[in-house]
Ligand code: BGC
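Starting off, we have a lone chain in the form predicted on its own, written out as structure tokens.
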Amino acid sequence: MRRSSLIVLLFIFALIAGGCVSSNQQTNTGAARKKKGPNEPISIGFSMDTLKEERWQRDKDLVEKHAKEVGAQLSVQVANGDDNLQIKQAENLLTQGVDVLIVAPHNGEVAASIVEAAHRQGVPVISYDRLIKNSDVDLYISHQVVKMGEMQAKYLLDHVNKKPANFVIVGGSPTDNNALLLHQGQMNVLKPAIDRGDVKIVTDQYAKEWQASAALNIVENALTQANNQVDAVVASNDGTARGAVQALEGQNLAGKVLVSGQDADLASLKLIVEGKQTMTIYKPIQPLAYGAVDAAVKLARGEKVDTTETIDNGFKKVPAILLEPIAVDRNNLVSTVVKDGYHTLEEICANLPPEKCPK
């Protein structure tokens, strides 16, 4: 009797062990990972939050260009800042039978459901530029976001000529994890200065949906609160920077108050040349877009993607490819943004007096 019971137990353990080995070939949600052969065509779905900012159109164009170069089929869906629409569009891409999803999420928390839906069909997911939180996302590719926040704050801190200096912090969308990471980096630099008494924070607020109009209101209110005694505005991207500049222009303070930015938008580069915006963070988009497509092809074929870092998204440490950003002001604009062909000097200096254009 004992022997027969032992045999049954061993059989059960064998079944459990076999199930564990099998599950290693599946995603956490259970579906077997699809793998394309070396000569099979690959279909990539690109789910985008928005094309509102100039830079996102550039991302779309470059992803499309490189997908064509590597022979991959690409379908792009743009959600226009609508979480429910982005989820539906991602489900549509999965229904079309894409082999891998690249997702630039509107809301990093809500987009976790996209990862779950994709994994139920064995489709890997790349989190593009913005981290998808609390999910089993396969790869994160972005720039060094915390470092960008540090660069913004350090540049302004190094160039402000007053102590204590009054700073205004304008964050991005609170639903965008990148806005939170930028703020973390900004405070990494500013908190010691605050503790030393070198900096006073007039206000620290997030701008809904990265809207310039929201930034305009934040800075207008801060100027009223501080009786126009503001020395620097840490604006988290170029759209919010332009909102800040508009508020400063209303009080004849444009060019007198330091303003940071991010994305090297053409409109903000013009403001930098004019002296109204102080600096921006230039993030070369081609390595990001091309890297995402190359990684998508490897994941679709079941190949390893080389990464050097991981990012904790609340569920796991996500393998990450993080690219280097560059601080750009009037002095190095030509040797960075123009040299890379991101914008031409003619574009930047159009309709500006020739003497204002950097050489």
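The first residue of the shown sequence is 1; numbering continues from there. Since the model is a prediction, treat every value here as computed from it, not as a measurement.
From this point on, the text means the form predicted in complex with this ligand, which you will not see here.
Peer 1: Would you classify F315 as touching this ligand in the predicted complex, given a 4.5 Å non-hydrogen atom cut-off?
Peer 2: Heavy-atom contact with this ligand at 4.5 Å: absent for F315.
Peer 1: Is it the case that D329, even though its partner is missing from this view, gets within 4.5 Å of this ligand in the predicted complex, heavy atoms only?
Peer 2: Close contact is absent here: in the predicted complex, D329 is far from this ligand, nothing within 4.5 Å, heavy atoms only.
Peer 1: Taking the shortest heavy atom distance, is E64 within 4.5 Å of this ligand in the predicted complex?
Peer 2: Heavy-atom contact with this ligand at 4.5 Å: absent for E64.
Peer 1: Hey, in the predicted complex, does D263 get a heavy atom within 4.5 angstroms of this ligand?
Peer 2: D263: contacts this ligand in the predicted complex.
Peer 1: Please state whether all three residues E53, W56 and N237 have a non-hydrogen atom within 4.5 angstroms of this ligand in the predicted complex.
Peer 2: So, yes: the whole triplet contacts this ligand.
Peer 1: For the interface check, one of 270-278, 227-235, 159-167, 176-184 should have non-hydrogen atoms within 4.5 Å of this ligand in the predicted complex; which one?
Peer 2: Among the listed stretches, the partner-contacting one is 176-184.
Peer 1: If the cut-off is 4.5 angstroms on heavy atoms, which of these, H119, K133, R242, R130, is the one near this ligand in the predicted complex?
Peer 2: Flagged contact: R130.
Peer 1: Need the contact residues for 267-290: heavy atom within 4.5 Å of this ligand in the predicted complex, sequence order, or none if there are none.
Peer 2: If the 4.5 Å heavy-atom criterion is applied to this ligand in the predicted complex, 267-290 yields only K283.
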